[in-house]
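One chain comes next, on its own, written out as structure tokens in the form predicted on its own.
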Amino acid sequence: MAKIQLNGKKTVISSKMTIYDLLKKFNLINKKIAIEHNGIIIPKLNYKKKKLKDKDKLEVVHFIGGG
């Protein structure tokens, strides 16, 4: 198990989980979002490659339309 910070809240995840796995867990796969991992924006192509580890900080930003 790993303890991470997700949008400012402490969350426990399974070890070896990727960003993609986390998004899948929270039903965010097909949403328009941006991911910041430890202060760095992660390109969508790297979601399946980027493994999360203890004490990581993630920010998930949703895009919404408006006018």
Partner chain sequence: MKSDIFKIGKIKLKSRLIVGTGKYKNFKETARAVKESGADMVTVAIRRINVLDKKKPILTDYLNPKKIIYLPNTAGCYSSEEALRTLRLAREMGGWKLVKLEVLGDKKTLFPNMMETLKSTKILVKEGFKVMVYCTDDPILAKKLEDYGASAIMPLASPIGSGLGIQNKTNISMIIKNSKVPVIIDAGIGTASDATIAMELGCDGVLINSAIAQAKKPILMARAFKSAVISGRESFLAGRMKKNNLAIPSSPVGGLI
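Computed from a predicted model, the values in this text were never measured in an experiment. Numbering follows the first chain given and starts at 1.
Unshown form predicted in complex with its partner chain; subsequent notes refer to it.
Tell me, yes or no, whether D56 is in contact with its partner chain in the predicted bound form, where a contact means a heavy atom of each within 4.5 Å.
Contact check for D56: no, nothing within 4.5 Å of its partner chain in the predicted bound form.
Contact test in the predicted bound form: M1 vs its partner chain, heavy atoms, 4.5 Å
Looking in the predicted bound form, residue contacts with its partner chain do not include M1, since no heavy atom lies within 4.5 Å.
Its partner chain contact at K48 in the predicted bound form, heavy atom, 4.5 Å:
Contact check for K48: no, nothing within 4.5 Å of its partner chain in the predicted bound form.
I'd like to know whether K44 contacts its partner chain in the predicted bound form, with contact meaning heavy atoms within 4.5 angstroms.
Taking the distances in the predicted bound form, the answer for K44 is yes, it comes within 4.5 Å of its partner chain.
May I ask you to list the residues of 14-50 that have any heavy atom within 4.5 angstroms of its partner chain in the predicted bound form, in sequence order?
Contacts from 14-50: K25, F26, N27, L28, K31, K32, I33, A34, I35, E36, I41, I42, P43, K44.
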